[in-house]
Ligand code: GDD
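In the form predicted on its own, a lone chain appears below as structure tokens.
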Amino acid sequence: MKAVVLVGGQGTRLRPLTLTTPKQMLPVAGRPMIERVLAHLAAHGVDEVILSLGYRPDAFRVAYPDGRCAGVRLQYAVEPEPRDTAGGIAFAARFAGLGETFLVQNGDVLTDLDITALVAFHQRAGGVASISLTPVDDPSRYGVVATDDRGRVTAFVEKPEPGTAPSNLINAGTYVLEPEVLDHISGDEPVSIERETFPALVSEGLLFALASDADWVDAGTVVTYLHANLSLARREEHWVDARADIDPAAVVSGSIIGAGAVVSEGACVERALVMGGARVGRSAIIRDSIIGAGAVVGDGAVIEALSILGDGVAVEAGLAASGRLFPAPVS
């Protein structure tokens, strides 16, 4: 089976990390996010993936020059201009000449979803599109879905006001589509699958949905990206890369330390992600934060409360930072 994976966004919610690296190329517990996404698809029979690219597409070509990743063949569909989610799907599907049932996966979703079961449900339902749903405590940030007892979608509400959602089940970012869906998507204009295509299919009774309680995280924000890293590191017991250099007098607790990173004497790193080649100075403290690749934390600095140092950034000795971004966003 073939799949389109959406990796074209600029990852603005993860800046400054994404100023230099596409979101899906960022590490998650020692592996690029995209490799985890594709490995899961491969485990359910996907043998070819069309990457729907826009932002920094060359990063993927450089990382996978032989056109293979996590056991699947790759095609690179680079949008000439941003076309939103449905536009990106349609561009990639037409680029690859997809003429049969295919999967779509948001590239920043990490999940244990039983994709095989979703495909089987789609075949039984007889619609032109089936989507996976997952329950959340606060559905107001997502596309909220209501269904009848057959799984036919009766309402698709994108980011409803708090307290107005028809259910707590949200669009989980994995779809099974028939080629006919492409007839609902304009060829060259930006089109949102959540706000335009899916509601149109609902009005025609052609959209179905299957709820799942599988592990699921949208790793596109600072909070969820750090959570995904630490959760998978805990599950896989992959915390400190063998090529990292941690001083015996440093304390590292519940944190990921990447290849070539240095944690100096007296430093304390807790519930943090320190990427490859970064350096944590003597007696520095890192808590609940992310230190980008090659970044330098000066001696005695305190970096905490979801602060982020972008790749190659250096902060001076003794600095105290709580919830800050380096470099700071440009207003």
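Just so it is clear, the model here is predicted, and its values are computed rather than measured. Residue indices: 1-based, along the sequence shown.
Just so you know, the form predicted together with the named molecule exists too; it's not on screen, but the next bit is about it.
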*Only one of Leu118, Leu206, Leu232, Val109 comes within 4.5 Å of the named molecule in the predicted bound form by heavy atoms, so just point that one out.*
Val109
*Contact assignment for the named molecule in the predicted bound form, among Asp247, Asp215, Glu194, Glu178, heavy atom within 4.5 Å*: Glu194
*Pick from 254-262, 67-75, 119-127, 215-223: which stretch has a heavy atom within 4.5 Å of the named molecule in the predicted bound form?*
215-223
*So in the predicted bound form, does any heavy atom of Arg152 sit within 4.5 Å of the named molecule?*
no
*With a 4.5 Å heavy atom cut-off, would you call Leu53 a contact of the named molecule in the predicted bound form?*
yes
*asked:* Please determine whether Arg141 contacts the named molecule in the predicted bound form, using a 4.5 Å cut-off between heavy atoms.
replied: yes
*Heavy atom to heavy atom, is Gly9 within 4.5 Å of the named molecule in the predicted bound form?*
yes
*Using a 4.5 Å cut-off on heavy atoms, what residues in 71-89 are near the named molecule in the predicted bound form?*
Glu79, Pro82, Arg83, Asp84, Thr85, Gly88
